[in-house]
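One chain is shown next in structure tokens, namely the form predicted alone.
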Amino acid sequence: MSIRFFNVGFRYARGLPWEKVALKNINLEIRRNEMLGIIGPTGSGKTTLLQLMNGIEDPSEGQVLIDEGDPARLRGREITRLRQKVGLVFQFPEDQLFANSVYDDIAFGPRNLGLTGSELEDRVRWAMEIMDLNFSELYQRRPQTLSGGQKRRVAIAGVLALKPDYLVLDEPAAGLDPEGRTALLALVKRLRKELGMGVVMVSHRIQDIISTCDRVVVLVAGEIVKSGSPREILQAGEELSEIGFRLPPMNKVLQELKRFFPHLDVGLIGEAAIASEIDRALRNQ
């Protein structure tokens, strides 16, 4: 099963003088148990693409199927059930945290599914445990008093509590310090491994995507201009630089050195692998 896009386009203010094309000719499949990264500059259509994935928006052209169900054709309980398959976590956790306690925030979705009593508490505890949130310390805390990293984890826990098949994250590490960013990205990788769900992550930081995801889609001006494994994306580093992407510093070094060492492998990930490749090139010159 998967989420599939067939020749999808989306326009804001359709038919009005200020109509704006956000996406065009999108053909894409997101499979369960894979981690897909989407990168692109501001205004490239990344958030719109995510909203189409869980039926918040319907395409202006083409079709989106979620496990063979078309959210544009469903209404009432049917669309609600379909949307529960795809848990969307917004870029700013404050947009999702509204209750007076962490417990009530995470419990909101499961309550709407009819869970009560110990079953509800078990679901909240499970979601908090998965996100490394200490239940006894945090369940009564007001979400507004938490750190930025804790807020993001609570927002993700609230979505996980619905046990979706796909988890969609819009800039999950934005605004976090390096330590918080590393910890959160490690948690996201663990979610895919332990829960077997499909994960889609959007970021403008290419280093977050290539270090975390199995497959990468590059979105520019509403169109997919490149897709492939992190290694394949890095091998197109010169092309990415030309359209405004900043490569991770170590990969940028590799890209520059390739001018002098044509056989240098520029698709490597991680400082150790890159340092070893540079050493190999220097020894074999």
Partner chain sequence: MMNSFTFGQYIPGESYVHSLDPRTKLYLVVAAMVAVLGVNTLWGVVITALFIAIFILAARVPARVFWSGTRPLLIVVVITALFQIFFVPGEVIYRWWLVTVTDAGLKMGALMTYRLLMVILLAQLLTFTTSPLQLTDGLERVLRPFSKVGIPAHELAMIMTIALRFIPVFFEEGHKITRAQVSRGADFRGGWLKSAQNLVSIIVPLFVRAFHRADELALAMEARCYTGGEGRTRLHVMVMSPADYCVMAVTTGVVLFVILSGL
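Positions refer to the first chain, counted from 1. In this text the structure is predicted, and so the values were computed from the model without any measurement.
One more form of this protein, predicted in complex with the partner chain, exists but is not displayed; see below.
- Contact with the partner chain in the predicted bound form, judged as any non-hydrogen atom within 4.5 angstroms, is confined among 128-136, 105-113, 178-186, 192-200 to 105-113.
- Within 4.5 Å of the partner chain in the predicted bound form, a heavy atom is found for none of Gly43, Glu256 and Phe260.
- Shown alone here, Ala13 lies within 4.5 Å of the partner chain in the predicted bound form, counting heavy atoms only.
- Using a 4.5 Å cutoff between non-hydrogen atoms, Asp95 counts as a contact of the partner chain in the predicted bound form.
- In the predicted bound form, none of the heavy atoms of Gly117 sits within 4.5 Å of a heavy atom of the partner chain.
- Contact annotation for Asn251: none of its heavy atoms lies within 4.5 Å of the partner chain in the predicted bound form.
- Taking the partner chain as positioned in the predicted bound form, the residues of 56-70 that bring a heavy atom within 4.5 Å of it are, in sequence order, Ile56, Glu57.
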